[in-house]
Each structure stands twice: as structure tokens, then as C-alpha cells.
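Given as C-alpha cells, the chain that follows is alone and in the form predicted on its own.
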């Protein structure tokens, strides 16, 4: 597949930050979006991540002007845009369906927005060719959009959005209609394109892997509100809630009781011992309070029974799954807790077997504390 041809382009787009403050959108008596506040920094890619029905697409449509918020403010740069219609905003949206005109050629599809805004005819040809070159479709101008593959149609949708030189690009699950392998390929190209153009981009997806690989900033949404936001690494390594820990990656949850806590450390009783851990950000814990410990499978280590290094717990293998580079083991600890451990699959050696006695060692500095709710 031809890549986006960025090496030959010197185009940089003027970009503006997008700021939402206390934004709410009601459908009847239901708040689809509830008091949402975040900023998409200029020139960066911000992802709205969450399951279906969490409010992420509704939020994107308010930024694009397709819905008007019932409360709160939306600014693009310094401009208040709550009531500004879509065509008058400096945004362009790439929809999940691509929304191409099947009776038009690729050139006509890309040129449509320029003609609608009365760009001089003499400028249209050059700008359309520039946009098609950007997305690797320089030789496709005369083709019918109905003759294109899904990946090519997506590229035309990108070219049509970029040809108007917007300050903000809005992407509504643009890869959902592609097969798994092509999705991986295209998300890398989207990231390259976004960085090379320097355009503020807000990307909606339910796919955590897309969000982690593409984003400068991730906004995790659930039931219309924001659960957590920050750089991808922080979201994964320091989940603030059970929902985030469960939705992003794979987690084991272990019940624990707070013995003591201050601003620097929290001591919890769990798995028959006391663990000294970092406190959760933004939460005040009290002695006797129940909390959950988040243990990522890749932060646990499977050792032979009887090993003594570090903090560990005895148990037996309950099941084994071979996943190629990784072997996943379900372990039943002697205290009754069941946890999953991900270990590099051995090369030239047998996997551990069901009922084998083992020891699970924790990386204590990578055990996270979250509230029970």
C-alpha cells in the first residue's frame, strides 16, 4: 500500500487549541455528556476513548458544531463557538462512513469543500493535487470513488478534510470499517500525517490500542463523564479508577484494607501481608477503608515454588494459554485469590503445567491502589 507521502511536503497548517469547560448535552432527560472539561493542545493529537454510549462521539459533534451544548463553553483558540454552525468553524470532520459522493470522481470529492466555500477556480486544482499527494493518491484523481478500496476511500476522506486547511481535524472512529491488519497500518500513517502537518487533532475511538499508539493526550470517558485524562503512559501506569484499570489493558483486582495513609505512602493489608504502596492520585484514604489493588499481568513474575526474592505468594497453576511470544497463566494463590500472570514464552523449553506449584512475585512499585467504586 502506498504510504502518505509526507517526506516531499512542506505544508504546515495553522492550528488552534480546543477547550471545553463544563460541557453538557441532554437528550430528553438523559445527559449524554455531563460536565466535561478538557483541552486539546494546539498541534497535538487528543483521543476521546471509551465504550459505546460513553458520550465521546457526542462530544466530538459538539466541537464540530453538529450539536449545540446545553451547558458549558467550547472555544477554538480564543473564539467562543457554541452557536457557530459547522461550515463557519475552522474544523473539518472525517466520519466513520467517510461520506463520499459515489457519483463523483476522487478529484470532485476532494474539491467539493473548496467549491462550496468559493475558492477561486485557479487555486482549486493545485490544492486538490497537493491534498491527494499528501495521502498517497496522486494518480487517483480521475477515478470514481465507488471503484476504491476501503483504505483508499478513507484517504480520500482525509484529503477532502485537509484540502480546506482547517485549524482542527476531527476524526470519528475513522478506522472502524477496515480489517485488523490495515487498521494497524493506517493508524501509523495517520500519526505521521498529523505530526508532519502540525494540526490539532481530536480522535474518537473505543479501541484502547489505537488510543495508546496515536495519542499525545487521552481522555477516558464513561457514562457521559471523564474518568481520567493524561498522557497514554500515565493512563496505563497510574489508573485512577477501577473502570480505567479495567478498560485500559488487562488487570487483576485484589481486595485490600487500608492500615494507614498519608500524602506519600499507603499501607494496605492484602493477600495475608502488608504492602507499602504509592497512594492514588486525587484520593484521600482512611484507615479501615476498603480499596482495590491493580496488578497488571506483565508486572507479575512466575517463579519456582520456594523462591524467596522480593514480595511473593505461593500458589498453583490453574490454566495455561500459549499466545506466541507470551504465555498467560491463571494462578490460584494459597490464600484463595485467582490472578493472571503474563510471562515471556520459553524458547526451546516446555511451558509450566496445570497444578504445578509456583510463586508469584510482585513488582511492588507497579501495584496501583484505586477506590472500590
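Numbering follows the first chain given and starts at 1. Remember, it's a predicted structure, so these values are computed and weren't measured experimentally.
Absent from the display: the form predicted in complex with a small molecule. The rest refers to it.
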One residue of 36, 54, 63, 331 in contact with the small molecule, assessed in the predicted complex (non-hydrogen atom, 4.5 angstroms): 54
Heavy atom within 4.5 Å of the small molecule in the predicted complex - residue from 342, 339, 45, 32: 32
Output flag, 58, 67 and 173 jointly within 4.5 Å of the small molecule in the predicted complex, heavy atom basis: yes
Stretch from 304 to 312, 318 to 326, 331 to 339, 24 to 32 whose residues place a heavy atom within 4.5 Å of the small molecule in the predicted complex: 24 to 32
